[in-house]
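For reference, the chain that follows is the form predicted alone, supplied as structure tokens.
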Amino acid sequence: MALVKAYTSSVLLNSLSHVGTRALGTSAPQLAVAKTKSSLAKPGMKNIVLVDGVRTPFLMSGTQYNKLMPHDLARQALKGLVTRTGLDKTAVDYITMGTVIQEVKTSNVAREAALGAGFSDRIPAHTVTMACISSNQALTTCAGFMHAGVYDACIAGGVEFMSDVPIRHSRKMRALMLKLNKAKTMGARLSLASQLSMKHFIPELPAVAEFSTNETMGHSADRLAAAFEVSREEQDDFALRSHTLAHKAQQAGHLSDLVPFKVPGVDQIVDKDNGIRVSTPEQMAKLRPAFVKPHGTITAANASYLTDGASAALICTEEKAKEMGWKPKAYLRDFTYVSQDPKDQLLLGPTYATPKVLEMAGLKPSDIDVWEIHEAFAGQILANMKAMDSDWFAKTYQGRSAKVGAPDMSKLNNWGGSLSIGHPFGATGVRLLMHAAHRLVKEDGQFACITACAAGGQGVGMLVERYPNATV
């Protein structure tokens, strides 16, 4: 039976009925209880550390960054990292960046950004793409290089620029233009030109949709929320929580991974994220469904918005950090990638990745002091919470003997998340990492778990351990 049908069966709904909605409090979290568990260091394996990371302010597409190009944002993130760390660029062995919607002029945006930021042309760079977890993939790719002994210090990051996405001519027009380019005589060109019709000029507009199912992510999220009986009110409450916590973090100066940007042609320095907006339940309730109309529950208020932004992080072996005098913030420990059905389980990556990565490290959910889970949609987050808290789902779809259990809401995304701060697809992974590392210091914790869903039915789980005497 299709999963979407099984979701709506009385068996599943009854098994999930006890889960309900967790308290969406926005008060300051309590400090973590001191840990007695030993470090996650493994004998014979190198320790990979996060030295520091930065990001540009995350802006709603079409605002102050709209005259730039992707490599401009990525270059700014790299330059900001150099300034923040006092980095000697020659100490970097390799650069990897993630992106999703590529600018055709800079298909290897990591290389172009590195050159523009003044890194040596002898430092290799490549670009990866894995939807919303692209910069997670950049981070773990670099970690893999270092575990293999290939490099000692790498920069990983990502960029997304939604203010100017590639819009293609129709296939008929592209074919005609290629033929025109090859035509050798004026007569041949005129003959081809005579074939033009209005249909040739209809463009192919981009969409955040699955190639395999032709379904937009928002539509899939709406179905998922309905299947897990996540109400519109619950989604709006969670989105309001995200914006409220992000606003408080912004006011308190906690979003210190952000580096100000003097954007060419913009009078004022851009020094904060511009999508954080604390609304009211009444205002949010007025919005109409964005995808499934008229009865859907996902709206512009409880979904992440199109965002421009870039991020970059310096990671290295612990030996290299000591050699260079760098002061790390965290260890990068176990990580895993998962994938499942892109139609009915498109956004359940956290549900599959969380138990897997915890078991790799021998941890339980109660051992985690900080949770950073990507917020694509409020309905997606809440559906994952219910799935993780369901023995039935664990046994039926994951082949597990019992549920992993949902994360403690008092430890989840306490500085806001993608719903409020923004979600530049290729850059969010590093933002999640920096918030996890900084929150471990601020909240006096030891272990953080990062998870995210991604297009294609994929997901990531990463564990981070606070470095001794780390500071923000």
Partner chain sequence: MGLVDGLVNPLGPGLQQPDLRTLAYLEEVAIKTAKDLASGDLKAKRGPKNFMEKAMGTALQYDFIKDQVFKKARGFGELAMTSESRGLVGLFHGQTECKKNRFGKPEKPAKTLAILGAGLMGAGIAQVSIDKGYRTILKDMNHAGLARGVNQIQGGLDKAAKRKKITTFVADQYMSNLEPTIDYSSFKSCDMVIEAVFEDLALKHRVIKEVEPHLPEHCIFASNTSALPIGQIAKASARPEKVVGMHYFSPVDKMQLLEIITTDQTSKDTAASAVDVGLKQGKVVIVVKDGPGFYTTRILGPMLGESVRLFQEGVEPKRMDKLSRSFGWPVGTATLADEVGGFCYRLMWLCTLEKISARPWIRIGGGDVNVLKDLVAAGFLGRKSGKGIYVYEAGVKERNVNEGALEILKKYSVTPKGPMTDADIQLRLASRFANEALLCLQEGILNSPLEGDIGAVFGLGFPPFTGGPFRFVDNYGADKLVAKMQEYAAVYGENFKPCQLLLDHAADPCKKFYK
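Since we're looking at a predicted model, the values are computed, not measured. Positions refer to the first chain, counted from 1.
This next part talks about the form predicted together with its partner chain, which is not shown.
Asks: Only one of these stretches, 197-205, 228-236, 177-185, 326-334, has heavy atoms within 4.5 Å of its partner chain in the model of the complex; which one is it?
Replies: Contact criterion met by 228-236 only.
Asks: Every residue in Phe58, Asp257 and Ser304 with a non-hydrogen atom within 4.5 Å of its partner chain in the model of the complex?
Replies: Not one of the three qualifies.
Asks: With a 4.5 Å heavy atom cut-off, would you call Lys248 a contact of its partner chain in the model of the complex?
Replies: Because no heavy atom of Lys248 falls inside 4.5 Å of its partner chain in the model of the complex, the answer is no.
Asks: Determine whether any heavy atom of Arg122 comes within 4.5 Å of a heavy atom of its partner chain in the model of the complex, and answer yes or no.
Replies: Output for Arg122 is no: heavy atoms all beyond 4.5 Å of its partner chain.
Asks: Is there a heavy atom of Asp273 no more than 4.5 Å from a heavy atom of its partner chain in the model of the complex?
Replies: Asp273: no, not in contact with its partner chain in the model of the complex.
Asks: Please tell me whether any heavy atom belonging to His219 falls inside 4.5 Å of a heavy atom of its partner chain, as the geometry stands in the model of the complex.
Replies: It does: once its partner chain is placed as it appears in the model of the complex, His219 has a heavy atom within 4.5 Å of it.
Asks: Looking at Val292, Ala153, Ala361, Ala117 here, can you tell me which has any non-hydrogen atom within 4.5 angstroms of its partner chain in the model of the complex?
Replies: For this set of options, the contacting one is Val292.
Asks: Given that its partner chain is left out here, which of Ser107, Ser339, Ser212, Thr280 has a heavy atom within 4.5 Å of it in the model of the complex?
Replies: It is Ser212 that has a heavy atom within 4.5 Å of the partner.
Asks: Does any residue in 385-402 get within 4.5 Å of its partner chain in the model of the complex, counting heavy atoms only, and if so which ones?
Replies: If the 4.5 Å heavy-atom criterion is applied to its partner chain in the model of the complex, 385-402 yields Lys386, Ser390, Trp392, Phe393, Tyr397.
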